[in-house]
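Below, in structure tokens: the form predicted on its own, a single chain.
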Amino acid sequence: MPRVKIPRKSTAIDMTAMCDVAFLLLTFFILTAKPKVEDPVPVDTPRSATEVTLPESGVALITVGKGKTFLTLDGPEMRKQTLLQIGSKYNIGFTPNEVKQFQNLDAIGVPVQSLKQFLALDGEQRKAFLASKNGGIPTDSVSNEMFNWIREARVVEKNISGKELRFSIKGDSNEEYPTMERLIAILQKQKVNKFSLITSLRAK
């Protein structure tokens, strides 16, 4: 008796659902990813053995390098309101275009009187300005502008979210102690005694 041959059929798998999931995941990661912000000056952070993740919002970053200090505020509305308050304090009016330019800044790092001149520059000229001797927010006792930036940013954060603004300090491992001492004194003068120090995780 001859054997019955079962006809072979080609296997076909419907990939539609898998493609949908893949594109959904890709869209989610693209929309939730935050681009890495370039430091205004090169900073080699000290090493540490512990890892603690900072919250994604409500944190202001103070960068310290080459004896200069810079302030990074989170969110365009936060930057806009802080700029307007600083302008009011120093009697400086900013045009809508200057406000828009300021909202796109990664970090604040010039004396207030040079801010209009800085906002008129293009990207490469701004980098050169920050790297020059004129870069950095003054922290000296004569024109302690960092104190005012921090105070106004705290007021704005309180008005926007109703929460206290948290601070993180990202300092170069070779930074001189007096610069850090002045910065910590500014925070403590405003009763900000709790802040984070950003470090690099030591290789195990």
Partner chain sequence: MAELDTSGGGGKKGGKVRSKKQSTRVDLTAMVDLAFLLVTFFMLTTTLNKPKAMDLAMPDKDDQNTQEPIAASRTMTVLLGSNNKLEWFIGEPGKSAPEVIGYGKNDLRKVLTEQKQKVLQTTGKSLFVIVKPSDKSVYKNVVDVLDELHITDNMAFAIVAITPPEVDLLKRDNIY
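Quick caveat, the model's predicted, so the values are computed rather than measured. Positions refer to the first chain, counted from 1. Basically, rigid core = biggest C-alpha set you can superpose within 1.5 Å across the two forms.
Only in words, not in the display: the form predicted together with the partner chain, which the text now covers.
*Asks:* Could you check which residue among Glu175, Glu145, Glu152, Asp39 gets a heavy atom within 4.5 Å of the partner chain in the predicted bound form?
*Replies:* Answer to the contact question: Glu175.
*Asks:* Is Arg47 a contact residue for the partner chain in the predicted bound form, using a 4.5 Å heavy atom cut-off?
*Replies:* Arg47: yes, in contact with the partner chain in the predicted bound form.
*Asks:* Is it the case that Leu54, even though its partner is missing from this view, gets within 4.5 Å of the partner chain in the predicted bound form, heavy atoms only?
*Replies:* Contact check for Leu54: yes, within 4.5 Å of the partner chain in the predicted bound form.
*Asks:* When the contact criterion is heavy atoms within 4.5 Å, does Ile169 count as touching the partner chain in the predicted bound form?
*Replies:* The answer is yes: Ile169 has a heavy atom within 4.5 Å of the partner chain.
*Asks:* Please identify, from 65 to 73, 152 to 160, 137 to 145, 24 to 32, the stretch that has a heavy atom within 4.5 Å of the partner chain in the predicted bound form.
*Replies:* Flagged stretch: 24 to 32.
*Asks:* Counting only non-hydrogen atoms and a 4.5 Å cut-off, give the residues of 14 to 28 close to the partner chain in the predicted bound form.
*Replies:* If the 4.5 Å heavy-atom criterion is applied to the partner chain in the predicted bound form, 14 to 28 yields Asp14, Met15, Thr16, Met18, Cys19, Ala22, Phe23, Leu25, Leu26.
*Asks:* Taking 2 Å as the cut-off, check whether the CA of Thr27 shifts that much or more between the shown form and the other one after a rigid core fit.
*Replies:* Yes, shifts by 2 Å or more.
*Asks:* Would you say whether Thr16 is displaced between the shown form and the other one, judging by a C-alpha shift of 2 Å or more on the superposed rigid core?
*Replies:* Yes, its C-alpha moves 2 Å or more.
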